[in-house]
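Look below for two forms of one protein chain, each set out as structure tokens: first structure 1, then structure 2.
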Structure 1
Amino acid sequence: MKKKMTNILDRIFKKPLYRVFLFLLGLPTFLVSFIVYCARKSSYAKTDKTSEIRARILAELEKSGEKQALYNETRMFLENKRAFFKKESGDFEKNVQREFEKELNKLVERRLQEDEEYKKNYRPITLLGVMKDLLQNNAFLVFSIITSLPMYLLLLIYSNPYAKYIFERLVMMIFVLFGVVFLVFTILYMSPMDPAVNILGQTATQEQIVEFNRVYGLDQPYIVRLFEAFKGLVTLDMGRSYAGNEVVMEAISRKFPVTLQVTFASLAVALILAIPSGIISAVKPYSTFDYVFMLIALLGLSIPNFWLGLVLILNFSINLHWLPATYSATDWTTLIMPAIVLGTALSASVARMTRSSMLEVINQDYITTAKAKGLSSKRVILKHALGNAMIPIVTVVGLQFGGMLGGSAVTEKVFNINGIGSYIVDKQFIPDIPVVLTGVVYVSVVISLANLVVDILYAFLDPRIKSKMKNY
């Protein structure tokens, strides 16, 4: 256990960013190790005989003739180089001496590292080496675990390739969020629209506008307001909306379940329609089914969501009275038409990707080999072909799923769905800065997490990616 931990410490210390995290999370352990390191360094300086060992190694090299042989080899190399390039480069003898001294120092250092006396008594003391020695002591190990538990959690994360990959992506996501907040806030700050005038109306007095700006901090300098935006991101308190004076995070959290329901329903519709259609179309290319499917997929990509939504409402709600025209959280049937509208475009993209990916895979040699072994066509297609064709499909589904979780404003407006997309779009025309900032941060988080899940799924679908991830 201790040996494994020291090996992880050796690996993690080679990564500068991880080294910083390790120091911050294990500060008590590093402070004790640093005190011991300073004491040992002081004692080491008084007894260090490294220079004497170097002198002994140099004398041995001279006595054995290796020093002279190295000089002759260096001189011959430079003479051949000069003859090949037919070009003089300064004083030849000085160049030979300089190159010889460089090679001699390298040889002495190699012999020094191999010397038993040096390895036993005079190897340079490092902070990492001292820390590893102290961790061999059970009492110090217990003290370190108690005072620096986050450091050991980091070591545990680093020891697992999947956990390490996820941790690094989450850290990157934090920097992305701060960058998004900076860009969006700066753009909104430079916007010519005045929130006070848009909310209070054109008839508002100057005193009312000044008071509105004071209450919401709009009279503060750019730097102060940007700092407050960053502070809100860290504390998960993005403030109150200008219109309605509601807590923004609470409003987003109320609308998220609605968007999540619509997204999952749309994804279910898309996958049920797209995957079988794409597989059949790839297995029977250029057949009647394939041509019909391609036409439907093209129509699905071409039809605007708002038009399809209005057509569904006109036929199934107004004419036939089969389905409700507007969304209701208590009636699952109100999800059917929004799911069809959003799922249609998604199913067209996924089906086309399934077809092209399957066509590429089923012509590979290993599929021919599987068929030659006598496996049934169904097993070859579902187990061997579909599994290897899934990576592009998962990519498309993951990106589309993240986008739909960010809200589909047009569809939400058509079916009167009180989701995140329509909420953010309504607020951006004020502009309601806290709401827009929170909405953009939410979308960034959702898309980043969707991409992370897609990348993790790659490792389960393709052993080659899993191997790369383990060596990452």
Structure 2
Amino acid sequence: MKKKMTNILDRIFKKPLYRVFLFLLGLPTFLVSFIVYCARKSSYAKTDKTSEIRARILAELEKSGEKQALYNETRMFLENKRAFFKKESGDFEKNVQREFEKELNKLVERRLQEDEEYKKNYRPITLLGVMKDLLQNNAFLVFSIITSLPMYLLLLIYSNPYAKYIFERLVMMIFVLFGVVFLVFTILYMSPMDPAVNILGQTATQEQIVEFNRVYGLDQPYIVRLFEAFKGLVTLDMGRSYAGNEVVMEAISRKFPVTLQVTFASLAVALILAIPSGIISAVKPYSTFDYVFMLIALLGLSIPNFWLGLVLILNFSINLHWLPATYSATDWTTLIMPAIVLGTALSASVARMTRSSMLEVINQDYITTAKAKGLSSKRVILKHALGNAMIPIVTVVGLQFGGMLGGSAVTEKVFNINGIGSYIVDKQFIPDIPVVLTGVVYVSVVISLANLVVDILYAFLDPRIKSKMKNY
């Protein structure tokens, strides 16, 4: 157990960024180790006999004639070099002397490392070595675990490749989120539009505008407001919206489930339509079915969402009165049209991807082998081909899922859905900075998490990635 821990410590110490984290999380342990380290270092300096051992090795070399041999070898090498290049650079004898000394030093250092006496007495003292020594002591170990538990959690995470991978991705995500806040805030800050005038109206007096700006902190300089935004990200409190003065986090967490519901509905529609049709197209390529389906798929990619929404409303709501035109949370039939509209583009790209990656797999040797073994074609297609063709499909679904969360703003406007997209668009014109900022960050978080899930799914789907992960 202890051995394993010191092993992980060795590995983790080689990564600079992790080292910083380790110092921060295990400060007490490192403090104690550092004191011991300093003490040992000073006592070490007093008993240093390295130079004596070096002199002894040099004498041994002289005695065995190795020194002379080395000199001759160096000289011969340089002479050959001079003869080949037919060029003289500086004094030849001096060059030989310099080169020889360099080689000699190297040899002595090598011998020093092998020397029995040196090995026994003089191990180089490092902070890590001292700490590992100390941790062998159980009392110190207990003290260390109590005082710097987070460090051990980090070690634990590091010991498991999956946990380490997820941890690294999450840390990266936090940095990205700060970047997103900076980017979006800066864009909105540079906007020439004035929220105070847009909310209070053109007739607002100067005092009203000043008061509004004071209440919402709009009179502060850029740096202060940016810092406020960062603080909001850390404390998960993004303040209140300018229009309506509601708590932004509450409003967003009320609207987000609606968007999520629509997205999942369309995802279901897309997967049910796309994967079977993609498989059939790949199994019978260049057939009429294939041509027709791929034509429809490309058509689906080319139709603007809002236009499809309008056409559906025109036919099924206005002309035929089958489905209601506007969304309401209590009536599931209102979800059908938005799901179809959002699902069209998604199923188009998923079907195309399914077809092309299935086609690639279906011509592989192992599929021929499986067929030759006498497996039923259903089994070959579903187990051997589809399983291996799954990775690009999962990628596309993951990417599109993220895109849909952000891009559904237009569809939400068409069907009058009270989701996050239309919320952001509505507040955009003010510009209501807290709302837009929070909305964008919220969507980014969900997209990053979706990507993370996709990447982890890879490991389960693809044995090659799985084995790579073990050595991560």
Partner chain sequence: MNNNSNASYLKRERKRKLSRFTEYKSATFATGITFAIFLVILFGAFDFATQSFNMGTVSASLIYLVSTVIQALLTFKIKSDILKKGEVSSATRKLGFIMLLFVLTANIFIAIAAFNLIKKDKGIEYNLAIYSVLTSFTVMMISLLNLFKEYVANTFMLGMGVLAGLTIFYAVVMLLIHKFVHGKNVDKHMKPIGYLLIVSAISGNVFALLLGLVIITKIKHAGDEISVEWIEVLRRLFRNNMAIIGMFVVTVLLSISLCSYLTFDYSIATDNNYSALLLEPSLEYPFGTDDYGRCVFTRIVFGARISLAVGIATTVVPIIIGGVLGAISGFYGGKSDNIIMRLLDVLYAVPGILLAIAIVAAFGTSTFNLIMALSIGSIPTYARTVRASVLGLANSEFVEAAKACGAKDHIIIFKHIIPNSLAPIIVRATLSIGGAVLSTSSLSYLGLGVEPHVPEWGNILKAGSTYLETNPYLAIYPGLAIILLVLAFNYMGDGLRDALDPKLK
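For the two forms, the rigid core is made up of the largest set of C-alpha atoms that agree within 1.5 Å on superposition. Residue numbering: structure 1 sequence, from 1. Keep in mind that what you see is a predicted model, and the values were worked out from it rather than measured.
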Could you point me to the form predicted together with the partner chain, 1 or 2?
2
If you line up the core, does A59 shift 2 angstroms or more at its C-alpha between structure 1 and structure 2?
yes
With a threshold of 2 Å on the C-alpha, tell me if F212 counts as moved between structure 1 and structure 2 once the core is superposed.
no
F77: CA shift of at least 2 Å between structure 1 and structure 2 after core fit?
yes
Displacement in Å of the C-alpha of N319 between structure 1 and structure 2, rigid core kept as reference:
4.6
Here the CA of K102, compared between structure 1 and structure 2 on the core, is shifted in angstrom by 2.9
